[in-house]
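Just one chain follows, in the form predicted alone, and it is written as structure tokens.
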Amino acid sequence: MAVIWKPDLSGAAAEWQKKAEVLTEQHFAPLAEELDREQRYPWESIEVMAENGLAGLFIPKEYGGGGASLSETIPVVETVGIGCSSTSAILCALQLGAFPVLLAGREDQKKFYLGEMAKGVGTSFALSERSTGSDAAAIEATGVQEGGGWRLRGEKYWIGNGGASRYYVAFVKTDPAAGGRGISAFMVDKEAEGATIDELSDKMGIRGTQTSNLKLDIVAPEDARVGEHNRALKLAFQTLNVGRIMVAAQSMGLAIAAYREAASRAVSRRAFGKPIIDNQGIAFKLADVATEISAARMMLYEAARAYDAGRDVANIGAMAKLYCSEVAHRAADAAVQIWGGFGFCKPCKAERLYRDQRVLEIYEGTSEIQRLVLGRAIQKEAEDAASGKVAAQ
């Protein structure tokens, strides 16, 4: 019996997970160290993902995708993440770009953009700006009616798959006086006149991914809008609710990889005449990591099941993202500590995992934002219980 809790996968979930295992072993994991060292985007991996259905895994079959549920998607993200954090992050970004179109796109938009995504042509989620990350309602990019369309101006930042993606779901203020209630979303082609990508981020970790800006001074036609006019902030939050579960899966992949590195080293490294795992200081550290990974993994899979069942996942998604990312942090830290001096130096895998992990507590909502979301939910529940609106649990 494995120490780490494993979900009981069957049917399509087991088939997708097995395919991800094979592809990770043959293609993704062997590239991980090179991608990190050279900070190179793995176009060859995108081709492999497209050919094997992973690029459009979550996209419905009628649009050319794999038709996987979220419960069938997260084992793939997790498995790829065990072998290569960068490729797992790219896979998450590919799925994230699909959600706004899936949730609010017109049928013609779904057919075109989702069909392109299924072929490996990326669409990126462009919400954040240089000065507005967590405070999404404070974005400064604008959309003003011009002729029969909209003049979009501003700069989006921290875009996952930025530059590598062809299309972008860009969120702009179409009624600045209304704050968060005046935001709309538009599909943008990076080849459009007035669209510019001129900065790629030099990142600490997941260096095989590409993160960019997107400067806009373009005219977008009316039919480029996704969803309701001035109601796109809600769409962004709905997208992030799912994206957080995806990042939780990415976190679990990294955590498991770090745990395996740590356990292997603890058995093979000897000190004072015996394997270091024979020392309680090491064995107990690994026991704690194994327990936390198991608990976090259970929460992750329950969050995915809740989404597939049509339940509100704002709270459990926040919990899963928060806990899984922080467990990954502790697992990566333990791996570096157990590897000792080697763990502090390249090309030790533990060193790379330590750097790759750090962003998991930042993107798709920082740990502080997750706690804010949960704190507000706790307050509301307690106030409702006190007023007799709901029974206390």
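The first residue of the sequence shown is number 1, and the count goes up from there. Predicted model only: the values in this text are computed from it and were never measured.
Omitted from view is the form predicted together with a small molecule, to which the following refers.
- Proximity of residue 127 to the small molecule in the model of the complex: non-hydrogen atoms within 4.5 Å are present.
- Residue contact with the small molecule in the model of the complex: residue 133 places a heavy atom within 4.5 Å of it.
- Among heavy atoms of residue 112, none comes within 4.5 Å of the small molecule in the model of the complex.
- Among residues of the shown chain, residue 274 is not one whose heavy atoms approach the small molecule to within 4.5 Å in the model of the complex.
- The stretch from 74-82, 266-274, 241-249, 148-156 that comes within 4.5 Å of the small molecule in the model of the complex, counting heavy atoms only, is 241-249.
- Using a 4.5 angstroms heavy atom cutoff to the small molecule in the model of the complex, none of 259, 319 and 358 count as contacting.
- Between the small molecule and the residues 190, 203, 119, 234, the one pair within 4.5 Å by heavy atoms in the model of the complex involves 234.
- Checked against the small molecule in the model of the complex, the residues 283, 314, 197, 298 give one hit for a heavy atom within 4.5 Å, which is 314.
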